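Take a look at this one chain, the form predicted alone, written out in structure tokens.
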Amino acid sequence: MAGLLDRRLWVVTGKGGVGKSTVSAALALASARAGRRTLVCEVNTQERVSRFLGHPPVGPEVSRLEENLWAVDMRPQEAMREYALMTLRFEALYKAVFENRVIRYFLRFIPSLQELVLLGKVLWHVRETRADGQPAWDTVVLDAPATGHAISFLRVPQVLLDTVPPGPLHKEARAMRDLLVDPGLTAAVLVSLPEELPVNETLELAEALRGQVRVQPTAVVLNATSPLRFEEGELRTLAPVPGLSDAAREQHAGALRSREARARLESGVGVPVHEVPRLFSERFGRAQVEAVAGHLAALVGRWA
């Protein structure tokens, strides 16, 4: 099976609280270690990725974290300026239009404008080239918004195509849409937990991606799973030891939930499911991200 290294844009999304940013950090680290110039993009967040990797916050400017790895936290106001300059080319024109107090007031009421400029900047980096004409980034990892917001965020190009008359904005929306739906360029990684609500939401997310965004999910990461350690006979043997028996039965129940969740996701989403076992640690940091990256090696593909 081809891994993520055959694509250039990795979109990571899932229900809030399932470990989406952890998976984004781990995938970005794996990509960088494969020798690829990697940019990880967070969208208007509290900057978890750089912190998870043991680095200070980077802010809205693309900043180098370590070898082959850069990061940026995209925020609406800064992204508006950068994306407008990328599109308009002339700073004087940008200032005349977007820094006009009256125009800025009315811009606030344009539907999806914030999502447009944020997604536009992400996709601009996907298209960005170096002086020799080669892509500036071998991998762009997008730590996308959580489930419901992710669909609205990723649907912006198609919404514009359906509503905006032919012209520069329509042309830009088409280019953005074509990048997102290109299966040779974009991989969508859905993150879930072995619990009923996250699994249900992942199944709905996969359906919405296919139907509304026209993006085919590539893989599911099932986070915080529990391995099956005990047989029923072993559990009966431990029954006379109350504390040990309770712990064993609790672990066994978690393992059965993990197995059921994987089966539902494999059947419902129809893509490979990669498990990351639950990590037990007093604090979460670089070592834990390294461990997650190791568990996702098969998803990423070849290693350098």
Ligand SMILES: Nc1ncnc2c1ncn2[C@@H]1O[C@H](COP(=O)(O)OP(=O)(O)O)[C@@H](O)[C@H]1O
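Don't overthink the numbering: it's just position in the shown sequence, from 1. This one's a predicted model, so the numbers in the text were calculated from it and none came from an experiment.
Keep in mind that the form predicted together with this ligand is not shown, yet the notes after this line are about it.
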TODO: Check whether V11 has any heavy atom within 4.5 Å of a heavy atom of this ligand in the model of the complex, and answer yes or no.
DONE: no
Task: Exercise: L29 in contact with this ligand in the model of the complex, heavy atom 4.5 Å - done: no
Open item on the list: Contact with this ligand in the model of the complex for P272, defined as at least one heavy atom pair within 4.5 Å: yes or no?
Closed with: no
Task: V126: touches this ligand in the model of the complex, heavy atom cutoff 4.5 angstroms - done: no
Open item on the list: Counting any heavy atom within 4.5 Å as contact, can you tell me which stretch out of 56 to 64, 257 to 265, 274 to 282, 31 to 39 lines this ligand in the model of the complex?
Closed with: 274 to 282
Open item on the list: Just to make sure I understand: among 49 to 71, which residues lie within 4.5 Å of this ligand in the model of the complex, judging by heavy atoms?
Closed with: F52
